[in-house]
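As structure tokens, one chain now follows by itself in the form predicted on its own.
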């Protein structure tokens, strides 16, 4: 099963690369195929990162504009999605540094924390659609509270489906730093959701 999934991903990546090379060679329909395939995930990435739909739209459009400009120099040394999200990541950094000179993307980790990669299980109460909805909203709020580097890594991993190795390439840090960010994000989210759920429970 795992091998079949990896093969599917590899085939998908090769298809993306072929489409990008076809577009670079002058086939506009190839770009349209890539755009339709990746527009949703890329737009969600910017919305979740910025919390501002207009800014997300601007960065989203600029990313595709840069893809168009760089088409002629595109090389297949990296997966298309890795290349695409690296452009998006760099645009996000440029924006953050422009509006706030402090580098919000620098690491503030002083030590490694080992923790499981699971979010809280449903241990608080019986199955309930209402409670699941509350927990989903709590999780979203907790994700928004994460430090920038952790939030981006978490979203690239859990929402965009990138591996730790691919994320390391996108954000241009070491694999160990990426894994550390994922561990910190999961630990912080677990604690945040549990604490906020306790607050909700206490108010009942």
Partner chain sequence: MKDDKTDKSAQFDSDLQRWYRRVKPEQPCLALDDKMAGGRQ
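Think of the rigid core as the biggest set of C-alphas that the two forms share within 1.5 Å after superposition. On a predicted model such as this, the values are computed, not experimentally measured, just so you know. Residue numbers count along the first chain shown, from 1.
Beyond what is shown, the protein has a form predicted in complex with the partner chain; the following relates to that form.
Residue contact with the partner chain in the predicted complex: residue 194 places a heavy atom within 4.5 Å of it.
With a 4.5 Å cutoff on heavy atoms, residue 61 counts as touching the partner chain in the predicted complex. With a 4.5 Å cutoff on heavy atoms, residue 75 does not count as touching the partner chain in the predicted complex; it lies far away. Although the partner is absent here, residue 40 is a contact residue: one of its heavy atoms lies within 4.5 angstroms of the partner chain in the predicted complex. Contact check at 4.5 Å (heavy atoms) against the partner chain in the predicted complex: all three of 32, 143 and 164 pass. Put simply, of 70, 173, 55, 139 only one has a heavy atom within 4.5 Å of the partner chain in the predicted complex, and it is 139. Residue 158 is among the residues whose C-alpha shifts by 2 Å or more between the shown form and the other one once the rigid core is aligned.
Residue 192 is among the residues whose C-alpha shifts by 2 Å or more between the shown form and the other one once the rigid core is aligned.
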